[in-house]
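Next up is one chain by itself, shown in structure tokens, the form predicted on its own.
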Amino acid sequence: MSTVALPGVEAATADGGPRRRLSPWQAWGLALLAPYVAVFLVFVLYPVGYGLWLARHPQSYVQLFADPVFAGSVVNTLIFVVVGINLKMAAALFLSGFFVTARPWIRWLSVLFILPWAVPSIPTILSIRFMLNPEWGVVNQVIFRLTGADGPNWLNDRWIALSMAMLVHIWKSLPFWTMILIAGRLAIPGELYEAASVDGASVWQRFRFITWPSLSTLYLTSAILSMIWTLGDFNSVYLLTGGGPADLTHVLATLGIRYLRLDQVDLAMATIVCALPLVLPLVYFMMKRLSR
């Protein structure tokens, strides 16, 4: 009596041992997965492993911690993340309440609001750098025409330059987080607001007891994800200030490039390793919240 082997089911071999056969769907799955695994190994796992191998020497960290530019970069990174995230998410929360209003002119305005996020980063930030040039930039020319006084050296002062980089980062990414919170607001049942209006609740009370409890989880998750992306934001600082003046506006995301330009690859990799204590806890909390 002959037997029929079903796809994906173990079949008995001549010696009695089990033999697993792949179904067509499983074979196609492996074939489609193979390019992704190859790309992951070549462009992710290998560079990370090689970077950790280069950063294995303790002497690299001794030299890194002795560099005053590294200490300033850590301070700049903390300021960039803490201040930037709070301003960005607070503005996104406020603007989401504005753009969720069902008025035609607000919808047209929202199209213009999304443009900074949609346009490419490199030409946009380089254009802003051109506008902030203290000698022939558009911004200082307008200030001189209106007041007769010279404008500030936007990119030649440490704190002003860092503030400008932070504002560029907020301006570029604010539309994305605003849209995320708009989607969260639109998921709140309108009957809750109608009932609150009937009870005489004020705008602040509706926000406090309806909007915020419904958005708090989404807001916190977005803030954590935004922190991860902000720590890796290279364009906003490097394209606008180049780490200057005098390497005073570097953050950890751009400091590695400075060491690479100085042919100090081990210090560049050590800088990345030093950023991991900031990134890994955020990734852990992010994945833990998503798993819930």
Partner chain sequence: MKRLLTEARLVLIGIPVAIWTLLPIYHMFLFSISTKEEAFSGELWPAHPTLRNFGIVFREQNYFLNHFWRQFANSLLIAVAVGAITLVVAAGAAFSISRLRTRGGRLVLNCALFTYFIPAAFLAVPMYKAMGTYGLLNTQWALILAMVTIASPYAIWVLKQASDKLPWELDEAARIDGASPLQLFRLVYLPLIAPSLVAVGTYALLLAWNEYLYAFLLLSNDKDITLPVALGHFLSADDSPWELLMTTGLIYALPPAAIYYAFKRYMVTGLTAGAVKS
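The structure presented is a predicted model; accordingly, all values stated were derived computationally and were not measured. Numbering follows the first chain given and starts at 1.
Beyond the structure shown, there is the form predicted in complex with the partner chain, which is absent from this document and is the topic of what follows.
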Taking a heavy atom within 4.5 Å as contact, would all three of V39, S222 and G256 count as contacting the partner chain in the model of the complex? yes
Selected contact from A71, A90, V138, L146, since only one has a non-hydrogen atom within 4.5 angstroms of the partner chain in the model of the complex: V138
Though only this chain appears here, would W53 touch the partner chain in the model of the complex if you measure heavy atom gaps against 4.5 Å? no
Does any part of I106 reach within 4.5 Å of the partner chain in the model of the complex? Heavy atoms only, please. yes
Residue-level contact is defined here as any heavy atom of the residue lying within 4.5 Å of the partner chain in the model of the complex; does L95 satisfy this criterion? yes
Should F234 be classed as touching the partner chain in the model of the complex when contacts are defined as heavy atoms within 4.5 Å? yes
Looking in the model of the complex, the residues of 80-117 with a heavy atom no more than 4.5 Å from the partner chain, listed in order, are F94, L95, F98, F99, T101, R103, W105, I106, L109, V111, L112, F113, I114, L115, P116, W117
